[in-house]
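Next up: a single chain in structure tokens, the form predicted on its own.
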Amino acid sequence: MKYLTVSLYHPSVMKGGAQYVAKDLHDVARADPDTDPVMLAAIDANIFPQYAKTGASITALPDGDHEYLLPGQRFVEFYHLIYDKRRNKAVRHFLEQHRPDVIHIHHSLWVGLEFLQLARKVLPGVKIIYTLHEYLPICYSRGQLFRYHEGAICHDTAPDQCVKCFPDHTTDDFILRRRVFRRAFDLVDHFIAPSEYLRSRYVDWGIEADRISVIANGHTPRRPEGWTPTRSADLNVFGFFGQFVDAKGIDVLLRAAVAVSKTKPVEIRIFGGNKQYASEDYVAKVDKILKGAKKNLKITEAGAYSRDNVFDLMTTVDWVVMPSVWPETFGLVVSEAWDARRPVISSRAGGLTERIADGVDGLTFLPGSATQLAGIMDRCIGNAALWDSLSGGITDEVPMTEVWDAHKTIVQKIGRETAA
């Protein structure tokens, strides 16, 4: 089976959850003797011009194993289209050359929805599956289903509601946007969702329920054999891992920490990259909290991290906090924390509600509630019995081999003749 993975970026170019999932599946497919895998990663050539070679629209990734880059420069963000005849010609040639039996698309950002049209035109019998990693087709607001002007999760995605977040657009603009995505998605044979929450939002949006299957993102353990989890004596070190952006709720964690520090010493370690993508108002809000920190509160901004060192970094904290205010679709950080046997304290937002069993392997609170989070943190500090119980309640994540088998099962059920 010739299997083409199409992703947004590549982890060696830019780190991120969707590209890690795509690369993991590509790697496990390489170990399958019945599969001939190829990976094509779309990138923004305006940000990474070093990968855009003169005279070539598709280039091999240096030292990659059947991995290629697809640079683009003229991406229409509102409609996820790329009007580039030269690039589309290269895509057509790439598809004709490799002739995959299956195309697995992991994003439309910088891939372009016309990729689906080209694939179906060039290879009418190809099986197309599509993993929905977030909500961008539904929500133009960074694909987060979060109303920034209200500070709340969005539950009504009707076009006349979208204009409240984007008053420069009209209701008709959003009707057309939805139509563009739905027409493109009609070309997909089956969709994958990493959580039931994400699946339900897309069903509400208009994709038939029987066209979306839930498959959790797999995880490759990095925990050394025979390793035993340890913790600090005071159990007062809380860690944040993720993107340093508005919807991740770092401000919620810091406000909770300030409240707790009035009576107990507490330490916060922030492992967060891409701070440049946070809004100016949000950075100012966080900086204000940092300047007002109490003497009992120690805060360290450690910057970005990678999967190569995340296990070691996880072991430097007692508790991992996911204070997201947007409805997370899955939460890879949970997998990484559990690998290091760190209890997770998370907001009850989106797919996180399916992952954390309150009181069993972690603790939960209402999204955006610094008061509830402060109460949980206060309870956690110095509580060895609680830490031992939660850490002991953590189980290993689904291995990548099982995830790959689940994908192959879906492919086998698709009733198209392969693109021989």
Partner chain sequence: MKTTFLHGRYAEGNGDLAERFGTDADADANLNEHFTRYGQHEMRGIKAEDYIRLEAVFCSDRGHIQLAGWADRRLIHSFHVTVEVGYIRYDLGEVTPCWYERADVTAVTGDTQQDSGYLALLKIDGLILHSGVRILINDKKMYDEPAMRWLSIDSFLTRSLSACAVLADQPVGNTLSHAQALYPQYAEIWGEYLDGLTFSAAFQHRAQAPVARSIIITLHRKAEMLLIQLDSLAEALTRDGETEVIVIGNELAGAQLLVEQLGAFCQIHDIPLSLHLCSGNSGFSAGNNHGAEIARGEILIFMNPDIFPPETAPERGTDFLFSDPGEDLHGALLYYGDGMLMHSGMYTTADLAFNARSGVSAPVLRVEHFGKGLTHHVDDAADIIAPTLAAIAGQPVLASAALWKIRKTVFDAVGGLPIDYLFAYYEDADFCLALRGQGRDIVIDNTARWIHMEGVGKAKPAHVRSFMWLNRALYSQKFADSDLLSDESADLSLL
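If you're wondering where the values come from, they're calculated on a predicted model, not measured in any experiment. Positions refer to the first chain, counted from 1.
There is also a form predicted together with the partner chain; it is not shown, and the following applies to it.
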Quiz item: Pick from 322-330, 74-82, 295-303, 265-273: which stretch has a heavy atom within 4.5 Å of the partner chain in the predicted complex?
Solution: 74-82
Practice problem: State yes or no: in the predicted complex, is some non-hydrogen atom of Val180 no more than 4.5 angstroms from a non-hydrogen atom of the partner chain? | Solution: yes
Quiz item: Quick one: is Lys89 in contact with the partner chain in the predicted complex, heavy atoms, 4.5 Å cut-off?
Solution: yes
Exercise. Consider Leu118 of the chain shown here, and say whether it contacts the partner chain in the predicted complex, taking contact as heavy atoms within 4.5 Å.
Key: yes
Practice problem: May I ask you to state whether Glu114 is within 4.5 Å of the partner chain in the predicted complex, using heavy atom distances? | Solution: yes
Exercise. Go through Asp312, Asp287, Asp172, Asp281 and name the one with a heavy atom inside 4.5 Å of the partner chain in the predicted complex.
Key: Asp172
Quiz prompt | Residue among Ala152, Ala158, Val203, Leu176 with a heavy atom within 4.5 Å of the partner chain in the predicted complex | solution = Leu176
